[in-house]
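As a starting point, one isolated chain is supplied in structure tokens, in the form predicted on its own.
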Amino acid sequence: MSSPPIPSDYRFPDPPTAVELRAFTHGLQPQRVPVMMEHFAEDWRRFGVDAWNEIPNHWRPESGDPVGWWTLPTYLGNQFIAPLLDAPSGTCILQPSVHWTVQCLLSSPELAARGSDVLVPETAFPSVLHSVKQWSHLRDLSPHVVPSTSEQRVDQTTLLDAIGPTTALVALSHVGFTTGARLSSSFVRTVADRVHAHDGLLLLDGYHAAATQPINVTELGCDLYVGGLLKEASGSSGNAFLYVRDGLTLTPRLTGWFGDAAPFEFRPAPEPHPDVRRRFLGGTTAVAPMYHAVEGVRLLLDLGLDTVRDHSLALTDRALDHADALDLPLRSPRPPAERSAMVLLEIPDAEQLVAYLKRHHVYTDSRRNDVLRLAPFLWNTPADIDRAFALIEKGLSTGAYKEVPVDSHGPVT
């Protein structure tokens, strides 16, 4: 597969000597971000408190839509997150983090009323399981970890068999963070149908899937889809999102005054906002991150997610060819239908290889010291892949990477 050309004005600023392959951790800064942050500073200076009510529409200036800080979470949800997920307008909202969103969901009495069991595959991102375990001491919800296959994939048969009358929630990762394995739409839909037959809910964590491929949450049948713009969507931190299926009623107990029906009437008792997605807001929303939240999404939508996916597959195809030539075992799937934007190579002492590559300005990362992860994305070219694997070959063949100490300056790679 040849890599589709990405127009030069979609390039992301980056030092010319570096090859950045950590899209699954933090995307590069889109070129418009500094301008958007200047808009924030100017709006704050110019309007002060009144900016909560109305500011210039910097996101869709041609639309004439009124925008204020108060409505930004839902406005950006409608304009950018809904198209990213092919979701109906009125179902998406920006959130501070997926962790907060899951905590809000677990605090909803409607969830425990549906059953007592929360099914979480062993392959899911740990913080989801951590949240369930923490809430199990406060609410009648019991976490049930579904073991993975010998290939560290979701055991689909075991998961489906585990869904029953006591199932309140099934929480799945759309893409596994230590395998790069992508759940098929047909399997996700089967899970949705099975759990709905028992009046349970399906939560899909798309942090490693959204922004890398076309997604249709309605066709998937999920009740909630969460994710963040930090990674391939290049939205930086503080910008996660939530999709809530239209018609689903939830009243999180963790909601704050931004999720109240009449916050400025200052009533002594809370009243849930009529818009269910807004009930997932807490206290005063952090405004500054929302200014730069969707500039990466804008690029993705302008290019088209099919083009983004084709570009990703072409580069990961090239990476797989190199891995095969070096006889490196894969942790990630080979078939394109199962592949995400990540390629994971099984390498002993992988953290030292990460450090070795970093010294040569090729940036990857490791998980649990037994896999090397790389995720070529929009800002990468076939030459970047060639350069990375030339260094991998040199480091492995000479053993030079084992002489490099792991950087102890911080935990983030």
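All residue numbers refer to positions in the sequence shown, first residue = 1. What you see is a predicted model, and the numbers here were worked out from it, not measured in a lab.
Missing here is the form predicted together with a small molecule; even so, the following discussion is about that form.
Residues of just one listed stretch (124 to 132, 247 to 255, 277 to 285, 84 to 92) have heavy atoms within 4.5 Å of the small molecule in the predicted bound form: 124 to 132.
Among residues of the shown chain, Thr149 is not one whose heavy atoms approach the small molecule to within 4.5 Å in the predicted bound form. Though the partner is left out of this view, Val98 does reach within 4.5 Å of the small molecule in the predicted bound form, counting heavy atoms only. Contact annotation for His311: none of its heavy atoms lies within 4.5 Å of the small molecule in the predicted bound form. Contact check for Lys231: a non-hydrogen atom falls within 4.5 Å of the small molecule in the predicted bound form. Scanning Asp205, Glu295, Asp260, Asp223 against the small molecule in the predicted bound form with a 4.5 Å heavy atom cut-off leaves one residue, Asp205.
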